[in-house]
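The chain below stands alone and is given in structure tokens; this is the form predicted on its own.
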Amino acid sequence: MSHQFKYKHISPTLLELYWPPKIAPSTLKEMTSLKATVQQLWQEDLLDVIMGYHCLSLRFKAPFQLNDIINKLEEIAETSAEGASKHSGKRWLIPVWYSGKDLNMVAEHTGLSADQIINLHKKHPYLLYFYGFMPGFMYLGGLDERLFAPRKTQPDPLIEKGAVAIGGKQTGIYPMDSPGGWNVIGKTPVQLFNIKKDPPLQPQPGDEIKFEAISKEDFHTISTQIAEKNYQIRYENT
């Protein structure tokens, strides 16, 4: 495999690497592998590394020599690309009570019944591409195109923590109470973002998210277990 990225020298301390502008699992694997290598290589020099769907931003603590960085990236990119094909991760199993306030709205838009929407939404795992919008908000790829539904023209002033929603071609989970324009189809009782934990987020880019339908009673049972600190998010190695 050969790397595909290009770059822009944004500022004396910021370098951005770009891949072809599409949502692709192969790009995600190459980016996560390169990110891990870069963080290990320049851990003392980097302030932050931020991922998008096809952009990796490297923010250094001090101005850098562009040629030196690019030459090193070219050198390690091939190895990272090879490592990407061997990437293994986790599949996180997220319980969802599919009772969202916008479920009927999505049904009207897609022409599907509520049961068909639920079955399609939980059928396949989703790839976690990156976090954005707010701390802990997952951008998940792999939504069945029959579930594509446009964002609301007038965002809701409040979407509850744990809401599972569809926005355009994507699906995701609101990690905290927030305004939002995505269509809420369900809610999970699990807390995916916890600032008191280290790390505060367990699923990492490159991992998979698999939704599992639960009943209202299950939702409350799991909520009680979480309150009693007697619940762990389940996962499988992939």
Partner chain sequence: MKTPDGKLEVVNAGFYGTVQDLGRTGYGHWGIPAAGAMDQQSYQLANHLLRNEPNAACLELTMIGGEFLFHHPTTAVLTGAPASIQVNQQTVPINHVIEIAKGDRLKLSPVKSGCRMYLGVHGGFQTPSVLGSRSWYAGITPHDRLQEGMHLPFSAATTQPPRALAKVAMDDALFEDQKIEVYPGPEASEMGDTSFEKLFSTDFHLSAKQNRMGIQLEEKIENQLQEILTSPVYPGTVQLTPGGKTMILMKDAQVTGGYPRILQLTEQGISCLSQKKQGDKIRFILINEW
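Keep in mind that what you see is a predicted model, and the values were worked out from it rather than measured. Residue numbers count along the first chain shown, from 1.
There is another form of this protein, the form predicted together with its partner chain, and it is not shown here; the text below is about that form.
A heavy atom within 4.5 Å of its partner chain in the model of the complex is found for one listed residue only; from Trp92, Tyr131, Tyr98, Tyr126, this is Tyr131. Just one listed stretch, out of 131 to 139, 71 to 79, 104 to 112, 153 to 161, contacts its partner chain in the model of the complex at the 4.5 Å heavy atom level, and that stretch is 131 to 139. The closest non-hydrogen atom of Lys35 lies within 4.5 Å of its partner chain in the model of the complex. Proximity of Leu14 to its partner chain in the model of the complex: non-hydrogen atoms within 4.5 Å are present. Its partner chain is not shown here, and in the model of the complex it never comes within 4.5 Å of any heavy atom of Ala62. Remark: Leu41 does not count among the residues lining its partner chain in the model of the complex, judged by a heavy atom distance of 4.5 Å or less.
Looking at its partner chain in the model of the complex, residues Lys22, Val49 and Pro200 each place a heavy atom within 4.5 Å of it.
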